[in-house]
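In structure tokens, the next block holds one chain alone, the form predicted on its own.
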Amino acid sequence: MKSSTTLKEQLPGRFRGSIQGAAIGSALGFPHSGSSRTFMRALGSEVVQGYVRHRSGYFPEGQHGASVQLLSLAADAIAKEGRVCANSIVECWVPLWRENRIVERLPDVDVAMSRWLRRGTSARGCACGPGEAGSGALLCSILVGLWDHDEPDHLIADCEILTGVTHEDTTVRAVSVALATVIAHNLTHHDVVLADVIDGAAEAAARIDPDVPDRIQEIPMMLATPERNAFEQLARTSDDGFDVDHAGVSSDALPIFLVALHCWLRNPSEPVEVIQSCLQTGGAMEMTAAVGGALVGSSIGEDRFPQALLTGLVESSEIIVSATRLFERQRQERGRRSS
């Protein structure tokens, strides 16, 4: 049944839902990051019943990971500038490293940001080079999907600007564009249209990397495949020695995106089930659940998430403010251009 409210009326909630969903997925996964798929599956539904303290004891319940720090600051930078600007984003991120305020180490992003820190925000060539396919900054691409949902001609260029801060690798860039494209689809459609989601993501990715679209096109078939078999297929990497069935998802951007997309498309309107499925993949499940949370949040808005998970987030009010500010500036910019 379609909602009685219009997409325009739902838009603020979908903006907030995307960013809050990412934060919820990250916060539920952060305490267990790196745990095996076997262990996470053994936890069952317990993993989404509430926040727990990180096993180190250093972080409170509801603490999200560093990817959400980057997401929130990038949202503020885009809202402030009224556009996606690499220098502004770098300026917002650098203090996290200069003042050692980053929640956790993100190996791929650390490499890029250490260069920005040494060379200054006006430098060039600071991003990780080809072959570095990490996912540390992948979550930020949802912001481009939100910002450019009504201007698809700008989406790829803006995603390249944002992703280029940390990565040159074509796989990472193609995955980022694909994720942004799915987010944009969710903001412009009442319902999830599988063919449009897959074809749109694959077509966008093909503009950057020739191999990523084929992997995306595997997903419809995987939806009719037993979960374990589907996971092994989608989570596979170029490292034949990596045991995805036991260890879980690697930290590479492509398997994280594919697994999260699959988890979401299996239950596109059930946020708890989507996030639980992502968490049960193990390994880099914090990022997988963050991407899954963003996908489901952008398609249903914030109201379907359990209130306890929304309010229990560390810095929950700041996250809402960042999302609201981004929405308001996006609407302001579109109004200015059309006047």
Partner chain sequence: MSLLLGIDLQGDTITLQGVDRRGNRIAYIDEKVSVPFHRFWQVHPDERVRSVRALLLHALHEGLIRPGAVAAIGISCEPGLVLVDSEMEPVPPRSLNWNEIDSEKANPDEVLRKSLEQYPSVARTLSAVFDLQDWLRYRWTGAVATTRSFAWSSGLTRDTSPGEHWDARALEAIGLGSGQMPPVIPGPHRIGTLQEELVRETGLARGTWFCGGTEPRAARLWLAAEPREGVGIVLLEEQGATLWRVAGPPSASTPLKDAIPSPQGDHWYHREALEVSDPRNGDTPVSDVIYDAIRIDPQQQWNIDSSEMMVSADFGSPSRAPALLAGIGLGWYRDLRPLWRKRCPVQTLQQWTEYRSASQQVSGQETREKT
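A quick note: this is a predicted structure, and the numbers were derived from the prediction, not measured. Positions refer to the first chain, counted from 1.
The same protein has a further form, the form predicted in complex with its partner chain, not shown here; the description that follows concerns it.
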Exactly one of 168, 243, 191, 203 comes within 4.5 Å of its partner chain in the predicted complex through a heavy atom, and that residue is 168
From the list 120, 82, 164, 220, which entry has a heavy atom within 4.5 Å of its partner chain in the predicted complex?
164
Quick check on residue 173: any heavy atom within 4.5 Å of its partner chain in the predicted complex?
yes
Under a 4.5 Å heavy atom criterion, is residue 124 part of the interface with its partner chain in the predicted complex?
yes
Look up in the predicted complex whether residue 104 has a non-hydrogen atom within 4.5 angstroms of its partner chain, and give yes or no.
no
Taking its partner chain as it sits in the predicted complex, is residue 115 in contact with it (heavy atom to heavy atom, 4.5 Å or less)?
yes
Could you tell me which stretch in 134 to 142, 212 to 220, 156 to 164, 244 to 252 has residues with non-hydrogen atoms within 4.5 Å of its partner chain in the predicted complex?
156 to 164
